[in-house]
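Coming up is one lone chain in structure tokens, specifically the form predicted alone.
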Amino acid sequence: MTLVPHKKAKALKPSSRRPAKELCSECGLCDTHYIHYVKEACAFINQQIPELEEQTHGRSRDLDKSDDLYFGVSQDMMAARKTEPIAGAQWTGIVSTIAIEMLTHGLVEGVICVQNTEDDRFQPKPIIATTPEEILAARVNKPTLSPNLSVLELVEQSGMKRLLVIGVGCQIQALRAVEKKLGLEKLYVLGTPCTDNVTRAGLQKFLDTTSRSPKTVVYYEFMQDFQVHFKHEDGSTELVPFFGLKTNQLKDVFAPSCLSCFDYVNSLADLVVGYMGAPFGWQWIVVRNDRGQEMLDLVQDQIETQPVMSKGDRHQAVQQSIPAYDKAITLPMWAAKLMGVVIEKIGPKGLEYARFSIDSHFTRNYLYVKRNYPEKLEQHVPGYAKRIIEQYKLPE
């Protein structure tokens, strides 16, 4: 039985019943009666990651420890991949496998995940999956704003007491803020790192501007080799260097909420599965607490792992990227490819690449908030983000 929100629960326009206004990330909370708590729960109205880390993990991050400062509270970190990948998964299918195992072992009664609509592979459709088939139908990221929490009322109506939620940082912060009001006996949260989402129209502009064949793109990802990898329907992979993106046309395509976000690593999930801190072809796993370890234990016999590594120095590359993005500089494609090859060979790798990505986005987003929402700057930017940003010289 698939539980999907009623049509009236579709994401509303930010101007309609959206207290965060243009900063709304369309997390879905405001499509439910939990909207009553939005001014406390919304990541873009009331940033409260340190307090919610304490509530969720039993402690907040230690800003004097580099891994805590960058990656949040954790018990363990590793690189991993499935020994037998799931066909059609974006990577090897670790997220889908964990969700299926949680369901089939009876640890949860349902899984909040995101399928796509019948007529658009990139249009998200949040559901509460109750079968492995429904979970598999949700594989592959949808790089658009998604109202995952719009199904929370259905959880209440279904009588479910044990739930797994898969989501990104802004969704999970809102979820944690209302967690105690959901009436659940057990909540597990499986998170993915997230940055630079777009509206559906923004995604189309990105695809039209960047890919050789926008209509056949199945999924894409900004990867550790400093290229965007587009996967096409025929199985081919198209590579576009970061530095060759038409930044002057794309600078404003990302959602204002994503340009104001400082939770790239999904600090409040129990377990995080991404790629940014792992070698190419592997996934990066962060176990934040005992619930996260419990989830990972279910798939230990289906994955191979290796320790995380860190190589290179990100600082110069980050400092150079700040004015390049700020001025929307786009290199000729030949120069972009050459720069990508050089940086891929001598640039940051592993956790240092992850720090590079975090530094680049945090400095960019700090400038965005400072220029567009100066009244929010002090409260909205977490202490850990300020500590990271202080390493760099920013333009006015």
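Remember, it's a predicted structure, so these values are computed and weren't measured experimentally. Note that residue numbering follows the sequence shown and begins at 1.
Keep in mind that the form predicted together with a small molecule is not shown, yet the notes after this line are about it.
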{"query": "Stretch in contact, per heavy atom within 4.5 angstroms of the small molecule in the model of the complex, of 106-114, 298-306, 206-214, 225-233", "finding": "106-114"}
{"query": "Within 4.5 Å of the small molecule in the model of the complex, all of 57, 188 and 286 (non-hydrogen atom)", "finding": "no"}
{"query": "Residue contact check: residue 313 to the small molecule in the model of the complex, 4.5 Å heavy atom", "finding": "no"}
{"query": "Touches the small molecule in the model of the complex: residue 80 (any heavy atom, 4.5 Å)", "finding": "no"}
{"query": "Residue 155 within 4.5 Å of the small molecule in the model of the complex, heavy atoms", "finding": "no"}
{"query": "Contact of residue 202 with the small molecule in the model of the complex (heavy atom, 4.5 Å)", "finding": "no"}
{"query": "177, 94, 255, 73 - the one with a heavy atom within 4.5 Å of the small molecule in the model of the complex", "finding": "94"}
{"query": "Position in contact with the small molecule when the complex is considered in the model of the complex, options 138, 128, 318, 160, heavy atoms within 4.5 Å", "finding": "138"}
